[in-house]
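Consider the single chain below, provided in structure tokens and representing the form predicted on its own.
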Amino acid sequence: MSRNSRRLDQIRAVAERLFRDKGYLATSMRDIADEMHLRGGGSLYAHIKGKEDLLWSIANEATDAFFAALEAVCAQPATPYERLRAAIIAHLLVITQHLGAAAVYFDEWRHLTEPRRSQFMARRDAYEKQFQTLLEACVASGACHASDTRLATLHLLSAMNAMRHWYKPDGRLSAQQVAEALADMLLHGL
């Protein structure tokens, strides 16, 4: 990895944390430079065009991680119930492994300008649709029940996404244990 790409990764990591902790609008380029112990924001601009580019990059990283996890689940031979459970666990593990990026994905994307905002929303909607398809297959198999699979999908995703507010990597349970316990709680409700 080149020095420039390492520096860009450092900038993104700082921006990700600040966007999560303070919010995108409350974070300035000066805040990012200060966290990086840079005397001025000038060297930041050698790596990025602006703050929105950081937001876009972080939101895309999270989107890519969610899609990759779901695609890996869908590629495995399993019953519809097993696949839905694995998808829930995979989704939760993405959150635990990318807490800052996940928070940006869930909350800060709203500050993207067009056409990026529409592009992000289209990918997010496609992800939700894939999750809904898994739930519909589970319902069709009789392994779970939902009179409105769209509403059930939104409920599942919302319940899982709230994890970003309370999950602590150094908590008493591992990420895997938390994900499995939550998957079972959510599925038993269906």
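Counting begins at 1, following the sequence as shown. Only a predicted model underlies this, so the values are computations on that prediction, with no experimental measurement involved.
Quick note: we don't show the form predicted together with a further copy of the same chain, though the next part is all about it.
Partner contacts here mean any heavy atom within 4.5 Å of a further copy of the same chain in the predicted bound form, and among 138-146, 30-38, 48-56, 61-69 they occur only in 138-146. A residue is said to contact a partner when one of its heavy atoms sits within 4.5 Å of a partner heavy atom; K129 fails this definition for a further copy of the same chain in the predicted bound form, lying far away.
Proximity of E108 to a further copy of the same chain in the predicted bound form falls within the 4.5 Å heavy atom cutoff. Within this chain, H155 lines the site of a further copy of the same chain in the predicted bound form, having a heavy atom no more than 4.5 Å away. A residue is said to contact a partner when one of its heavy atoms sits within 4.5 Å of a partner heavy atom; A122 fails this definition for a further copy of the same chain in the predicted bound form, lying far away. Contact check for R6, R12 and A86: none of the three has a heavy atom within 4.5 Å of a further copy of the same chain in the predicted bound form. Along 150-165, residues R150, L151, A152, L154, H155, L156, S158, A159, A162, R164, H165 each place a heavy atom within 4.5 Å of a further copy of the same chain in the predicted bound form.
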